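One chain comes next, on its own, written as structure tokens: the form predicted alone.
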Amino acid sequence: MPKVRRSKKPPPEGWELIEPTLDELEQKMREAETESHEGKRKQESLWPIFKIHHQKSRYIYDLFYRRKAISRELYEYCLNENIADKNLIAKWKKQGYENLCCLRCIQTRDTNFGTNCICRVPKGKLEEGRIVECVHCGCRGCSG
């Protein structure tokens, strides 16, 4: 199985605890990248990749900020090695963005009217029974 590590610098203490989960997520990412995209829209074929990317970043975030299970050194190693997305984690620390699915959903330049993505609208403000699906990442609602 391929290793997640990319640099020659040895990983810090505690790496062996998170490595199996990261290897598993990396394997899922490879499967998602090679999966057939027959019958899917261009954007729809990228949704599994966004989902796994989110899972990997959320795993590191939860271990450090919520469960306090890894050291700051290991957390920063994961960010520097691009194992977790530091920009997405920075948004998760801000109020109102705790459940953000991806950074594309808050970029106003990617939408027709210069607003956020539809998945950022609270469910209470949407029509009753309407199913919302983000065109960027397939999210069904990540607002607070």
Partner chain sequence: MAMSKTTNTYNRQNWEDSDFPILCQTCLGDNPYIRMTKEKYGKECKICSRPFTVFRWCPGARMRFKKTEICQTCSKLKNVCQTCLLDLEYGLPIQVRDSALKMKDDLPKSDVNKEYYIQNMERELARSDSGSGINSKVGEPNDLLMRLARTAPYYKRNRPHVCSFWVKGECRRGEECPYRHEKPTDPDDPLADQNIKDRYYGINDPVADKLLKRAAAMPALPPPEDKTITTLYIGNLGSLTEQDIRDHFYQYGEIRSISLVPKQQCAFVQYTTRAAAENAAEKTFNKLILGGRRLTIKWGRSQGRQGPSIGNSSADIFEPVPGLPGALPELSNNFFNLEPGHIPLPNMPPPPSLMVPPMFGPPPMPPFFFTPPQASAFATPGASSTAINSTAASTVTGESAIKPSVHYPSQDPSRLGATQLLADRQE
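Here the structure is a predicted model, which is why all the values come from computation and not from measurement. Residue numbers count along the first chain shown, from 1.
Below, we turn to the form predicted together with its partner chain, even though it does not appear here.
Novice: Is residue 41 near its partner chain? Define near as a heavy atom within 4.5 Å, in the model of the complex.
Specialist: Because a heavy atom of residue 41 falls inside 4.5 Å of its partner chain in the model of the complex, the answer is yes.
Novice: Heavy atom to heavy atom, is residue 112 within 4.5 Å of its partner chain in the model of the complex?
Specialist: Taking the distances in the model of the complex, the answer for residue 112 is yes, it comes within 4.5 Å of its partner chain.
Novice: Given that its partner chain is not shown alongside this chain, does residue 16 nevertheless sit within 4.5 Å of it in the model of the complex, heavy atom to heavy atom?
Specialist: So residue 16 does not count as contacting its partner chain.
Novice: Is there any non-hydrogen atom of residue 130 lying within 4.5 Å of its partner chain in the model of the complex?
Specialist: It does: once its partner chain is placed as it appears in the model of the complex, residue 130 has a heavy atom within 4.5 Å of it.
Novice: So which stretch, 77-85, 112-120, 99-107, 55-63, is the one near its partner chain in the model of the complex (non-hydrogen atoms, 4.5 Å)?
Specialist: Every other range fails; the passing one is 112-120.
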